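Presented as structure tokens, the chain that follows is alone, the form predicted on its own.
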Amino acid sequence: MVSRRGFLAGGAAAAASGAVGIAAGAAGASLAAEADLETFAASRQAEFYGPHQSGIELDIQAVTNMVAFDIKESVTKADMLRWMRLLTDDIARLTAGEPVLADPAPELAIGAARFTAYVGFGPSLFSKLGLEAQMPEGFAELPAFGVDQLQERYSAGDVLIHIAADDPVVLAHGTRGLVRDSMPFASVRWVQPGFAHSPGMIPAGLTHRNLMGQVDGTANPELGSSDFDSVVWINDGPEWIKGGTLLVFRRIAMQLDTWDQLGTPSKEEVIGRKLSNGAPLTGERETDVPDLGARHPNGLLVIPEFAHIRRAAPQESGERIFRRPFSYDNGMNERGSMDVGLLWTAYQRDISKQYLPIQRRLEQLDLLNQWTVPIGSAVFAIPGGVQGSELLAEALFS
């Protein structure tokens, strides 16, 4: 028989044991949550299969490599198809956080980290392979602009692989594999690395800042919206481009030495937006629509005639693009100035109707041109995505 004293003592012991168990459970949950937080980037995986190539319609990743290639003289359409077969398999594996086949360093496949890579083709590729009839509408080399100071080492290319991830080791490993498997077919023309905010620095969906301090990408069509579809994705023309898009790439050097000498009000007039939160000078929030007709009591325009957002504002309904710019920083140049700027990318259905009208207005009267200089330029047609056993650009090279 258990005495009352023994029963109470046993109950107290059980209660104490339960309390210890609860505390241990809470500590275990806390440790598990902390471990999950430590490696959360590794488990974040982008979609590879679908109607569109991955790496365009998603929040910008932390680091990127843009790699342009020139095909070898002997390469044929059949060779291109073999190359695309390799790239399709490689990118699918890397997107899942897995090593590529015959990977010499599989231990570096440490997680997905939102790895993406998409493939595009420059106008020169169509000429070399006799595929001019397969070029999408509104796709051609850009004309010369008066603001350009282009350098060959940053421009053009037959094929682009644009790689991005949230981790620099994952990015480097993926780039290494994709370039290695491309070497039998092409030589590297240029590699341009860039970066954006690291995960956790700003909430998803908010606009990132460039190295001038501006929010960069305001008024973009919303990801996943019908508006995005109508601005970016192509749904007619040659079969291979359906579900794809057209990319304008511009490497834009920033003159920060003189930009940093301006006061905040002057910088805001150059852009037409407040540096604090990206709101137009006529609004309070970044998403407010600029009032281009607003004037000060003295009659001067609140958003000046030379302001960047006024010059970039669409004058026709179709003059819109989706921007996804990464920053670059190469340290100091030989003159002691910062070698920094943007790897500026813009996506659209038709370059001639969407990007060119905007760029021509910016060329004519945009005060920001005093602090930004395009030094690299290229255009690429991005095929649609792959589903099932399809290959990238299979309809183009079959």
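Note that residue numbering begins at 1 and tracks the sequence as displayed. Note that the structure is a prediction, hence the values are computed from the model and not measured.
What follows is about the form predicted in complex with protoporphyrin IX containing FE, which we do not show.
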query	finding
All of 43, 108 and 109 within 4.5 Å of protoporphyrin IX containing FE in the predicted bound form, heavy atom check	no
4.5 Å heavy atom contact, residue 368 to protoporphyrin IX containing FE in the predicted bound form	yes
Interface membership of residue 176, protoporphyrin IX containing FE in the predicted bound form, 4.5 Å heavy atom rule	no
Close approach of residue 217 to protoporphyrin IX containing FE in the predicted bound form, 4.5 Å, heavy atom	yes
Residue 67, heavy atom within 4.5 angstroms of protoporphyrin IX containing FE in the predicted bound form	no
In the predicted bound form, the one of 281, 172, 254, 129 near protoporphyrin IX containing FE [non-hydrogen atom within 4.5 angstroms]	254
Selected contact from 224, 314, 200, 168, since only one has a non-hydrogen atom within 4.5 angstroms of protoporphyrin IX containing FE in the predicted bound form	314
Proximity to protoporphyrin IX containing FE in the predicted bound form (heavy atom, within 4.5 Å), stretch among 150-158, 73-81, 95-103, 209-217	209-217
Residues within stretch 350-364 having a non-hydrogen atom within 4.5 Å of protoporphyrin IX containing FE in the predicted bound form	355, 358, 359, 362
